[in-house]
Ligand code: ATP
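For reference, the chain that follows is the form predicted alone, supplied as structure tokens.
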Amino acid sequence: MRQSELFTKTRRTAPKDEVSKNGRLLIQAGYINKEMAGVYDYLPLGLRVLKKIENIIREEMNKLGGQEIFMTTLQDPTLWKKSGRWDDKVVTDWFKTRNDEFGLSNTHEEPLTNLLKNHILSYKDLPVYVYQFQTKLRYELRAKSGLMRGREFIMKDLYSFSRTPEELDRFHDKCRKAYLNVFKRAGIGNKTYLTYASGGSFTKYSYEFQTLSEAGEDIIYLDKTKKIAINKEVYDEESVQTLKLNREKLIRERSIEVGNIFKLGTRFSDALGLKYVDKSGIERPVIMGSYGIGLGRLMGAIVEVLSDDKGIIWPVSVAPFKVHLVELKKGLARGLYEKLTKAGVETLYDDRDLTPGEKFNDADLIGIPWRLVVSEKTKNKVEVKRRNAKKVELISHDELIQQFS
């Protein structure tokens, strides 16, 4: 991609109406556009990052045996009344159409449970694991944390349907490991911990995945050796004993919730009549679980954790491009850009008519993992520098292609 043709441009200053670091940097660098509090557009650079996050999650969900679907945004109130969650006092962040004719996708336990009544009849039809990437709409009162707390956001929600609690437990454990793989691949695995937490309206307890950050809204008590934490909301002697932790070894930390997993049991299958016939011919309720990751929230958390005073520092796995090719004289890097493109190396080519200082500042702000500089001084070689490193290496074009392709 030629940067001169890129739809978006960087801003000289951060937006004054954005409080969060992730919001400020992502807007200033041209990744997103703010429509209103908690509502953002993804511009070309931002969409590339979002899609890479999506693909990492998709690969991990497919490894679990998950099958991808896509469900509707409009929700039938009848189903939600059966589960008791249509009432605004029960679910306080609903968006509904005029006269409460429809709900706008808050989550999808009810409609999916109802859908599977047409597909699950016998124990032979189970287990089932389905997931989607779908826009959720929630009336978030605290929409001030950039992408980390939105009123409109894309969520990966996976739902499991099992025959027994033991079968649910086995999948729940596999999903927990898959989530940790997601965060590792996204570049924040060394700061993300499984966290014992409240189950909210679903169940008494659940597990969250919390990433250490001063920008976080949660407080956790962490055992770094055992790599497990307890959310402040359920931090008591019972939870400490349940997890077999030593209270004296727990460290108080601030963190960002980047995912959660719930054992739902039969709450929704009982309410909506999702049953199966076991081997003995006895009709039993299907046992459920739900597993969520907000893609924008994860993207925002990466920026909060992996950035410095110059800008964003993307991990290679989710960066919009692998390398940022910067030429300091018009046309000097055109041939190298063509070679990189032919070799399949994702390249943002800064061919703009700007000063070296402006180009370097933009490169730091945008945060692509590797910066390649071509100037009259480099002659037939290229200056190679990692975004967050001071060391600069001078290598030939052939060595460069071999290293990055």
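Numbers for residues come from their place in the sequence shown, where the first is 1. This structure is a prediction, so every number in the text was calculated from the model and none was measured.
In what follows, reference is made to the form predicted together with adenosine-5'-triphosphate, a form of this protein that is not presented.
Engineer: Where does adenosine-5'-triphosphate sit in the predicted complex: which of 288-296, 326-334, 241-249, 121-129, heavy atoms within 4.5 Å?
Structural biologist: Contact criterion met by 288-296 only.
Engineer: Indicate whether adenosine-5'-triphosphate has at least one heavy atom within 4.5 Å of a heavy atom of Gln75 in the predicted complex.
Structural biologist: Close contact is absent here: in the predicted complex, Gln75 is far from adenosine-5'-triphosphate, nothing within 4.5 Å, heavy atoms only.
Engineer: Find out whether any non-hydrogen atom of Pro320 is located within 4.5 angstroms of adenosine-5'-triphosphate in the predicted complex, and reply yes or no.
Structural biologist: Answer no; every heavy atom of Pro320 is more than 4.5 Å from adenosine-5'-triphosphate in the predicted complex.
Engineer: Report whether the minimum heavy atom distance between Glu140 and adenosine-5'-triphosphate in the predicted complex is within 4.5 Å.
Structural biologist: Glu140 belongs to the contact set for adenosine-5'-triphosphate.
Engineer: If we define contact as a non-hydrogen atom of the residue within 4.5 angstroms of the partner, is Gly150 a contact of adenosine-5'-triphosphate in the predicted complex?
Structural biologist: Yes, contact at 4.5 Å.
Engineer: Going by heavy atom distances of 4.5 angstroms or less, which of Ile302, Ile220, Leu158, Val258 would be at the interface with adenosine-5'-triphosphate in the predicted complex?
Structural biologist: None of the other options qualify; the answer is Val258.
Engineer: Phe171, Phe262, Trp94, Phe268: which sits within 4.5 Å of adenosine-5'-triphosphate in the predicted complex by any heavy atom?
Structural biologist: By the 4.5 Å heavy-atom cutoff, the listed residue in contact is Phe262.
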